[in-house]
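One chain is shown next in structure tokens, namely the form predicted on its own.
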Amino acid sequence: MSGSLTLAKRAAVAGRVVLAVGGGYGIAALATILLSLTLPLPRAEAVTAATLASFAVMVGVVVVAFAARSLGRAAAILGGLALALALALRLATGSFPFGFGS
């Protein structure tokens, strides 16, 4: 059975799926919040534009999750991106997103 996938390879793919779905949702949410607050448009238009952009962000996260050489590298990239978005949101609003921190 040289053509079958080993348990380790299956687990790596499952980990990437979980990372893509969970990380994609979180990063898309952070990007949507940040864009909604910083786009120089009326509020309704800024929220609509940010929500539309979030679909592209989600696709980008899925691509990164599966294009990285290892699961750890993908997690580090997406974690760094989430941290950067959270810090940018902190600078834009003066508080951390989702009630974290002071």
Partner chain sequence: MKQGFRQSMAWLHTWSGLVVGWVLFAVFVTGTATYYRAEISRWMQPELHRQAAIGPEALAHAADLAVAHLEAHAGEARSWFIGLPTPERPLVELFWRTRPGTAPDHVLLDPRTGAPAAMRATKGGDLLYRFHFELHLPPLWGRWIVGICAMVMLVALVSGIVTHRRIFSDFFTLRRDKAAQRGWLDAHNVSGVLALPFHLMITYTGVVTLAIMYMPWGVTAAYKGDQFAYFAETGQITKARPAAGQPGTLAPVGPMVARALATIPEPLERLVVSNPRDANSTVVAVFEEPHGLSHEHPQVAFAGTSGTIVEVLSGGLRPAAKTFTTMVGLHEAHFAGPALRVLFFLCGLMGCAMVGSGLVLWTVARLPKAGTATGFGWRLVHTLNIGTIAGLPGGIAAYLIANRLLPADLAGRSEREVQAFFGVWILVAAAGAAANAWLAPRQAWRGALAAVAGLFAAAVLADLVLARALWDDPAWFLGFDAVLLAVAAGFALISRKVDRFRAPGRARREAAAAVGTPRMERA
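Computed from a predicted structure; not experimentally measured. Residue numbers count along the first chain shown, from 1.
The next section is about a form of this same protein that is not shown, the form predicted in complex with the partner chain.
In the predicted complex, no heavy atom of A74 sits within 4.5 Å of the partner chain. Taking the partner from elsewhere, P42 is found to have a heavy atom lying within 4.5 Å of the partner chain in the predicted complex. Mapping the unseen interface onto this chain, V13 counts among the residues with a heavy atom inside 4.5 Å of the partner chain in the predicted complex. For the stretch 10 to 45, the set of residues having any non-hydrogen atom within 4.5 angstroms of the partner chain in the predicted complex comprises V13, R16, Y25, A28, A29, T32, I33, S36, L37, P42, R43, A44, E45, in sequence order.
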